Ligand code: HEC
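Consider the single chain below, provided in structure tokens and representing the form predicted alone.
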Amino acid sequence: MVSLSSVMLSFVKGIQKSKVSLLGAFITTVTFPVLVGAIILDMLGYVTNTYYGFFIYMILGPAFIFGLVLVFAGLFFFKGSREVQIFTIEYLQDQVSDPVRFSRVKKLIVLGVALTIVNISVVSLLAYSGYHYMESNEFCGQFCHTVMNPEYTTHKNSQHSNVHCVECHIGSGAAWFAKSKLSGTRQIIAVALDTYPRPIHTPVHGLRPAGETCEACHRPELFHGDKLVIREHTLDDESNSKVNTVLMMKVGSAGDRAVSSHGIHWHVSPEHKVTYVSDLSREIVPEVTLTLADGTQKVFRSGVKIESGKTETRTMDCIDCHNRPAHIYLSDLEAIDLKFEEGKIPRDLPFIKREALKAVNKSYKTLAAAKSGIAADLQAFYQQNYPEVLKEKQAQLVQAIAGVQAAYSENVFPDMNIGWGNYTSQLQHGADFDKGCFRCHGGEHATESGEVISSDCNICHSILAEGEKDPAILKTLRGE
């Protein structure tokens, strides 16, 4: 009868007689306790470093599995002694087929099952934890630090910072999961070979449909009414005067419980289907088609020609206006204004707004050089023109320098050739009357009968105050 001790002895001797098994046993023995302990620490929330997570799931995990494969490959295919015959397929088949002999190898089977359960448990735990690690924001944004740092930084500062990357970029469904992993593999190779573009191109055609992402949280058909928006700006005069622009945004509704579709979300209502032809960047729109509920169509053309084969036809949805909902790069004016609004830049430093804009718009090769240059420029300005500031308001100046540096570092990334204005937001137009709303609402798209897509600003919003120091409308709203 085969005893458990003889099985164990044969197992050990089999490993010793096979160099392949011996190497596998060494790898498995070394990695097993470290791997299990690391996974437990990660599940308890103690692992916060992205590269430590990579070490656990991309190095230790595969090493453990590789070690197991070597152990059994050595026993079955690279045997160095007769002693391992007890682990061969032929031996086991012979023993199991005979009822008498089967009783003798029960302990062997129990041992095999026990080892299998342990190994499957560890591999399952590894797979589960590794899957969640690879879907974490930290893995997406920090592992390829230089490449994805801009997207990771802007995501942290956006309104969607609590939404995980994978919820928009992967989502549910095996097809999109496979597509994202294949794309990720290609990107890792590009990083390893240093062939990735600088800056990274906006994945205009690589995002999942808006109905499967945006509308999982936002339902345009249930948006109703208008929204008051108050935007605070800072002038570049000596006192850094604060002014306000007050807008009544006509959010409207895409239908459903509203009497009719109206306002901004009229564009995505079921009874008003809007399709358009554009270049591949979706920034030039030569043709817009409106299909009404009764099937009637109106085709608006601007006369702009795009080279054949470099156009696409698309049905309008959320992403056509909200094209950067989670990775928002502010303009220099917006970034500095935001730091004033947050209190990061004190207003009582003369001309700090003007000098901040000058400093952040200089060319720097690295972020470190930018921070050093911004600090030096601001210090030099006050040394030459307002020396009393250095004596009386040194703390405010230090705070202001930090605020200006933050405005720069949150939106400009020299390592990736990202400067002010590299990425276009179609949600607003500013002074660029060929972008955003004006791609279609520029007054140039007309039907053959002469009907024109309106360029009236009041379609989407009413301007209640624009750049005023003390708007009367705000006094009314505050009851003053």
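Each residue number is its position in the shown sequence, starting from 1. Everything numeric in this text was worked out from a predicted model, so none of it was measured.
Missing here is the form predicted together with ligand HEC; even so, the following discussion is about that form.
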| item | value |
| --- | --- |
| Answer range among 394 to 402, 351 to 359, 220 to 228, 369 to 377 for contact with ligand HEC, defined in the predicted bound form as heavy atoms within 4.5 Å | 220 to 228 |
| Site test, 35, 129 and 185 vs ligand HEC in the predicted bound form, non-hydrogen atom cutoff 4.5 Å | no |
| Contact flag, residue 455 vs ligand HEC in the predicted bound form, heavy atom cut 4.5 Å | yes |
| Contact of residue 323 with ligand HEC in the predicted bound form (heavy atom, 4.5 Å) | yes |
| Partner contact for residue 19 in the predicted bound form: ligand HEC, 4.5 angstroms, heavy atom | no |
| Partner contact for residue 251 in the predicted bound form: ligand HEC, 4.5 angstroms, heavy atom | yes |
| Option touching ligand HEC, based on a heavy atom within 4.5 Å in the predicted bound form, out of 412, 440, 65, 56 | 440 |
| Among the candidates 319, 330, 338, 284, the residue which, in the predicted bound form, approaches ligand HEC to within 4.5 Å (heavy atoms) | 319 |
| Members of 264 to 281 lying within 4.5 angstroms of ligand HEC, judged by heavy atom, in the predicted bound form | 264, 265, 266, 267, 268, 274, 276 |
